[in-house]
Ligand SMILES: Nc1ncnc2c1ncn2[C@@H]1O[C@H](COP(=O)(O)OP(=O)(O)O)[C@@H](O)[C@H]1O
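Shown next as structure tokens: one chain only, the form predicted on its own.
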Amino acid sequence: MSNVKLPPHMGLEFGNHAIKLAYVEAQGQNFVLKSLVAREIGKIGMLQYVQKQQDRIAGIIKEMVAEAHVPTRYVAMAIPESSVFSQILTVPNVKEDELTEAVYWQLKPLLPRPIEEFTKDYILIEHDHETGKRKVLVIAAPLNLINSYREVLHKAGLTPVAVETEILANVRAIQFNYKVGGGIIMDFGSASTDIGIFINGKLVFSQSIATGSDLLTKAILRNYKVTYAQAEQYKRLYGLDRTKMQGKIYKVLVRIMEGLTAAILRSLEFSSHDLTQDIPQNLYLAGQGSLLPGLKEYLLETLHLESVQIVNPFLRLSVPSALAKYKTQLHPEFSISIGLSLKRD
């Protein structure tokens, strides 16, 4: 676990179908959004592009950096939550300098491949001073995947200075903009939905569910025999709004959403057994899919939460006039790249 201060850097998110770049500059007590660039890259999925079309992706990143006029070649990047192993472990009473080794031996039998093939880190959640036991959130990511991303960045002439999960970047963006210590984060992406819980400023649970907004588009496509573009348009216009189109689109989408919310409830129930503190009842929505009409209301009703709001990653940033539209409209799809650019250690 490192607390090394990072040099000025950009945040780079490799989304499933797009790359997003953000550069935030600290100016005294203010944080100023200096650059923001996004590029759609296709439909086969970023993991395949990064592993099989590195030169193409590196070329796109070079163009984005040139357009952004970023005064640094340092990058903080995020890896997909779906590619990461994470679990809460209870570590027996050991000395402080033995904790890392104890986590290692508990983690080793849980991984699907040899532990040497993963990069590992952990977050201390709580410490019972009476028993000496500690609860830690362990995160392990495949080294070959991280090396693929690093190779792309090197080909683009960039130097990675930090690698973290998308949920951690999301949590940082939320804490910066909303000044909250705890909450639930739901990143509704195209291929998956990532769930995280943070308490007292620390991530204590994360999970990726293999249901994303692309499934909603495909459901409309199957039911109404329209083109993919038309199905996408129907989804974005009508979504989960029961009052639109006599609720026809709602009825198609709600079948998938029922499965997703059931999985989310199971995740929250499962994590509650590992935590001594109550799970916060405020949900923050990130990702492009969070703009689905009616989604906030549906989740509020289905998950029985106190509040649901869409993340505005620019809420407390100073934004120049050239980027003013990001301040006045909701763009939760930039939560990860902004969170990465705000990383300081």
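Treat the numbers as computed from the prediction; the structure is a model and nothing was measured. Don't overthink the numbering: it's just position in the shown sequence, from 1.
There is also a form predicted together with this ligand; it is not shown, and the following applies to it.
- This ligand in the predicted complex is approached by residue 213, whose closest heavy atom lies within 4.5 angstroms of it.
- Using a 4.5 angstroms limit between non-hydrogen atoms, residue 20 touches this ligand in the predicted complex.
- With a 4.5 Å cutoff on heavy atoms, residue 198 does not count as touching this ligand in the predicted complex; it lies far away.
- Although the partner is absent here, residue 190 lies within 4.5 Å of this ligand in the predicted complex, judged by heavy atoms.
- Although this ligand is omitted here, in the predicted complex none of 55, 153 and 155 has a heavy atom within 4.5 Å of it.
- For the residues 218, 236, 202, 120, the 4.5 Å heavy atom test against this ligand in the predicted complex is passed only by 236.
- Contact with this ligand in the predicted complex, judged by any heavy atom within 4.5 Å, is made by just one of 64, 299, 317, 291: 291.
- Across the options 22-30, 303-311, 282-290, 66-74, residues that bring heavy atoms within 4.5 Å of this ligand in the predicted complex belong to 282-290.
- Applying a 4.5 Å heavy atom cutoff to this ligand in the predicted complex picks out 333 as the lone residue from 321-345.
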